[in-house]
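First comes one chain, alone, set out as structure tokens in the form predicted on its own.
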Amino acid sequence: MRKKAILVTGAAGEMGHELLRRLAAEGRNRLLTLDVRPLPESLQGLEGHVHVVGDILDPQLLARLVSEYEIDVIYHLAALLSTRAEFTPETAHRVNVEGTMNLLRLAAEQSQWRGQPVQFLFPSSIAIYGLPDLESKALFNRVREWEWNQPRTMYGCNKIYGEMLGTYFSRYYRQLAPEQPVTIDFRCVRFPGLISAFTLPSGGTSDYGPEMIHAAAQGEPYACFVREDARIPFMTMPDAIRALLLLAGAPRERLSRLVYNVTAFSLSAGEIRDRVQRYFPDARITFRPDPKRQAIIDSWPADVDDSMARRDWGWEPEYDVERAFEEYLIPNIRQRYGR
């Protein structure tokens, strides 16, 4: 008999660390995790947890997992992030689009077999936005979900297509079939820049924020690759995981959309520098903008409108900018580096 499980892809990444701890802490979930890397020691040995080292592009592996487990929820975290995706766009497309298609197909087949929808949680990104210039960025200060969906990066293109694929599988899959099929329950969160105290940045264009803090805590100089006035929204990793879990737990009938913005606070790179130096007065932070990466940041909104998430499923960040630095980031990063 197949065992019921929650599948988490990309489990060894930044979001996976926090999500696995939260799901395991509930004590009632059998976790099946998948990543091309082994899990770090800190996540090994979680009760009711099986980790598989493998690739979401391997159909034989996915078929084997389905033969052993009845998957009723999927958190699809696996992705090649924005900066890395620009250097290898073809690989990014395979991982971020073809990999997502493989998981959506798996979810659709499981939904048919179970006779009820498999829930599919998909983290997207502000990289799906593409404002044409700084004047537009200033004018459209808080962007809504359906505005400026014109990404200029491969990662942004991949993510918005993933959102569209999820919408298709959730609403229109096999719409011309003689019998109405059971479709998946796709739910997507568009995240701003994410900052974690416990994992190092891993290739995101918004990583200048966490990189600045981690470098200062280690006593290392840091040359920020964007201008001081560059501004985008951010949130802490605990709030990001909380948003995913809140959306997963919301009754389907309360959701007016499949894709939601969430955010916590908006800061310029200079404001992040000022806050870091408040806690690390000897921090050596300079600004050496990279024109290409700066252009990407300039195309992302200064802030996003998350009012629909607040209305539909009670989203509200626990960490505003003061709590984020004072209670989460600085104490934990200091402890990490012994400062």
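Only a predicted model underlies this, so the values are computations on that prediction, with no experimental measurement involved. One-based numbering along the sequence shown.
Beyond what is shown, the protein has a form predicted together with 2-amino-3-ketobutyric acid (AKB); the following relates to that form.
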Report summary line: Among 214-222, 140-148, 121-129, 97-105, the stretch whose residues bring a heavy atom within 4.5 Å of 2-amino-3-ketobutyric acid (AKB) in the model of the complex is 121-129
Query raised in the report: Just one of L81, A78, A264, A243 has a heavy atom within 4.5 angstroms of 2-amino-3-ketobutyric acid (AKB) in the model of the complex, so which one?
Result: L81
Report task. Classify Y155 as contacting or not contacting 2-amino-3-ketobutyric acid (AKB) in the model of the complex by the rule of any non-hydrogen atom within 4.5 angstroms, answering yes or no. Result -> yes
Query raised in the report: Does 2-amino-3-ketobutyric acid (AKB) come within 4.5 Å of any heavy atom of G209 in the model of the complex?
Result: no
Report task. Please check if T205 has a heavy atom lying within 4.5 Å of any heavy atom of 2-amino-3-ketobutyric acid (AKB) in the model of the complex. Result -> yes
Report summary line: Checked 295-309 against 2-amino-3-ketobutyric acid (AKB) in the model of the complex; residues with a heavy atom within 4.5 Å, sequence order, are W300
